[in-house]
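As a starting point, one isolated chain is supplied in structure tokens, in the form predicted on its own.
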């Protein structure tokens, strides 16, 4: 039996033990890894995420009540709330992602009935692999299954983003929810965060995605994220005086920036350089993958890490050690930090024949520097959310 089938059986059995009946459905929504596009999403730019084979499972059934009861196997906690007027919970903050989706579905014309839910996640918490978006998307799909009503994929992603922004209070971009809904097995996604146009692109044949966890908590990620966002907005405010019509750094070309970057304060100039060049790197990465140029794709990953480290200044020693160890391995195409930075994970694209050596070298070199072993997780690009039973 496959590991995922064992997890699904466990969730179903938990549901039967807690609620005394079979669930009406089991749905899943995947986490994601950001392969390219560091901090470009809130600059209306381009990103390249991949849905991963780590997900949130929800077993669910409707009831005649006006409350929903959700049990989290990860937290061993139960949370009950009104489906008529969901309110934020201080006691079970994980449930706010569920509550927020129920709230937004009602505003979109889909009233969630009373529900019973068991939630189980294989997305590592706090590692930057977007367990929160996966929980939001899985909730939406569970409600779709029990009501027989649904919204199209893009609308579902936007609804889940609103739940996180407006109900939970986290000012996230659209990438995480979008890839969780619309990912395709074996492929990365190119997403334009302004227009929401997207396309799927193939990875180089015979490669795997390896996520390495630094085990360093991302304690600075939230506050520094807000600072970086403000610095990008400052860059746009100044550049607007010299480049008519721009609304975000996405609208600034490398040539425009080179002509006018002297008007920016030094730190703001560095931030703008990273975003403008990173947007271009995402476009180059799509071209490289579409033309089967795996070497160029790997080089772009490495360049993205260097820019994130030196210009956007969101790396840390632990992420640099992981990236340096990764690219020292023959068979690693490229490696970069993934997500907000200041801890969390790197993502590397590694040829299948080099996986054993990669894990050994990265583990040994990181342990020698950090004194602890990293998490090394070989993953596959997964499909988007849907019913699994």
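Numbering follows the first chain given and starts at 1. Being a predicted model, the structure only gives us computed values, none of them experimental.
There is another form of the same protein, the form predicted together with alpha-D-galactopyranose (GLA); it is not shown, and what comes next is about it.
Residue contact check for residue 354: none of its heavy atoms lie within 4.5 Å of alpha-D-galactopyranose (GLA) in the model of the complex. Contact annotation: residue 284 falls outside 4.5 Å of alpha-D-galactopyranose (GLA) in the model of the complex, judged by heavy atom distances.
Taking the partner from elsewhere, residue 41 is found to have a heavy atom lying within 4.5 Å of alpha-D-galactopyranose (GLA) in the model of the complex.
Taking the partner from the other structure, alpha-D-galactopyranose (GLA) in the model of the complex has a heavy atom within 4.5 Å of a heavy atom of residue 172. The listed set 349, 62, 340, 329 contains one residue whose heavy atoms approach alpha-D-galactopyranose (GLA) in the model of the complex to within 4.5 Å, identified as 340. For the options 225, 94, 167, 190, the one in contact with alpha-D-galactopyranose (GLA) in the model of the complex, meaning a heavy atom within 4.5 Å, is 225. You can rule out all but one of 138-146, 241-249, 173-181, 67-75: in the model of the complex, only 173-181 has residues with a heavy atom within 4.5 Å of alpha-D-galactopyranose (GLA).
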